[in-house]
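One chain is shown next in structure tokens, namely the form predicted alone.
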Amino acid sequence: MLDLLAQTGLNAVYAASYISLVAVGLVLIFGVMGVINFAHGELFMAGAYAIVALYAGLNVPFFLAVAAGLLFVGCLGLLMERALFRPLKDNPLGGLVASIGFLMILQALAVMGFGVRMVHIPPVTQEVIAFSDKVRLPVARLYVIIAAIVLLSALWYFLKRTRFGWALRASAQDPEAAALQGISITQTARVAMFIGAGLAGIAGALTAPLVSVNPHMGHSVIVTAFIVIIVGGVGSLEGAIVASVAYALVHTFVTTFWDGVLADIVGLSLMLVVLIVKPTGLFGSADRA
């Protein structure tokens, strides 16, 4: 029994790692730009297909393909900022509707380029860290965990300890006051979009060898990300990380000991309970990001 609990705990840590990368990217975009990016799950999908094309298709070394995937999806984020969100910044619903249209375009492009079938990528490594006969951590999952810790720590340092990070937070809290201090709102929006999209992209790229890649794989990811940011408090990066860990633990343990459908119900119930008890979420406040 202890082995099963330990193995489930390791699985939950892996799930929390990629969920937190996606959720933090979504929160960063909302915090700085005030846009709910419904295409965020498709940015995760785009990162996965970058690995299909580069690593599985062209035999590019895996980590070089991951870096290329990050840049590719980050540039998709810049394209969205320039072509969709900036022209519609004065329209409260315009960005939301545009992001829904963009997600449909990305799905259509994925179908045209790779078909509707599920794609299984050759494993990056078969190595496994064995803690006991029944408790094992595949090294490919360890890559995801390490990437989440490194990237989220680097983002924290960037936002809290650098001048541009301060400008980013200032523009999120009060864009007009930030502009009066000489901060370029357009530039901070570009950076937020590149980082937010890139986090989703690298999560998709790193998990691609561990899942079945398909054009609709972003659906479940974006639903989970929305649950996480609502529970954590919309606009709170710390809340998104804490809620990712809590949701992953609950969902993974319920899936292991009962089934996946019940785990989804429990996850949604968790969100409702938190909203009833604390409508702003665990770390929510009137401020954004």
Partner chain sequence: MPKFLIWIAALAALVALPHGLSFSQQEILVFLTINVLLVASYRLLTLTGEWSLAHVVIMGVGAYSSALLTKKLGVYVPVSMLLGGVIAALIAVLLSFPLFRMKGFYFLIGSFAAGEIIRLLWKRFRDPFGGAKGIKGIDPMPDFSIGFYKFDFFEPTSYYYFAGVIVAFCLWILWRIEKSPVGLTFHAVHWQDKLAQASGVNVRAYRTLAFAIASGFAGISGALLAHYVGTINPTAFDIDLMVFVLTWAIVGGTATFYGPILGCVVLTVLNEIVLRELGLEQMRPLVYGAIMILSILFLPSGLESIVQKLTKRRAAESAPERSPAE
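Worth saying up front: this structure is predicted, and the values here are computed from it rather than measured. Numbering follows the first chain given and starts at 1.
Although not depicted, the form predicted together with its partner chain is the subject of the following passage.
Counting any non-hydrogen atom inside 4.5 Å, which residue from A130, A177, L93, I146 sits next to its partner chain in the model of the complex?
For this set of options, the contacting one is L93.
Using heavy atoms only and a 4.5 Å cut-off, determine which of A172, M217, V119, A98 is in contact with its partner chain in the model of the complex.
Contact check passes for A98.
Tell me the stretch among 201-209, 99-107, 68-76, 155-163 that has any heavy atom within 4.5 angstroms of its partner chain in the model of the complex.
That would be stretch 99-107.
May I ask whether L64, V135 and V191 each come within 4.5 Å of its partner chain in the model of the complex, counting any non-hydrogen atom?
No, none of L64, V135 and V191 comes within 4.5 Å of its partner chain in the model of the complex.
Under a 4.5 Å heavy atom criterion, is V52 part of the interface with its partner chain in the model of the complex?
Taking the distances in the model of the complex, the answer for V52 is no, it never comes within 4.5 Å of its partner chain.
Is N11 a contact residue for its partner chain in the model of the complex, using a 4.5 Å heavy atom cut-off?
N11 lies outside the contact set for its partner chain.
Taking its partner chain as it sits in the model of the complex, is L249 in contact with it (heavy atom to heavy atom, 4.5 Å or less)?
Taking the distances in the model of the complex, the answer for L249 is no, it never comes within 4.5 Å of its partner chain.
Is it the case that L88, even though its partner is missing from this view, gets within 4.5 Å of its partner chain in the model of the complex, heavy atoms only?
Although its partner chain is absent here, L88 would touch it in the model of the complex, with heavy atoms inside 4.5 Å.
With the partner left out here, which residues of 109-129 have a non-hydrogen atom within 4.5 Å of its partner chain in the model of the complex?
Going through 109-129 in order - heavy atoms within 4.5 Å of its partner chain in the model of the complex - the hits are L109, V111, M112.
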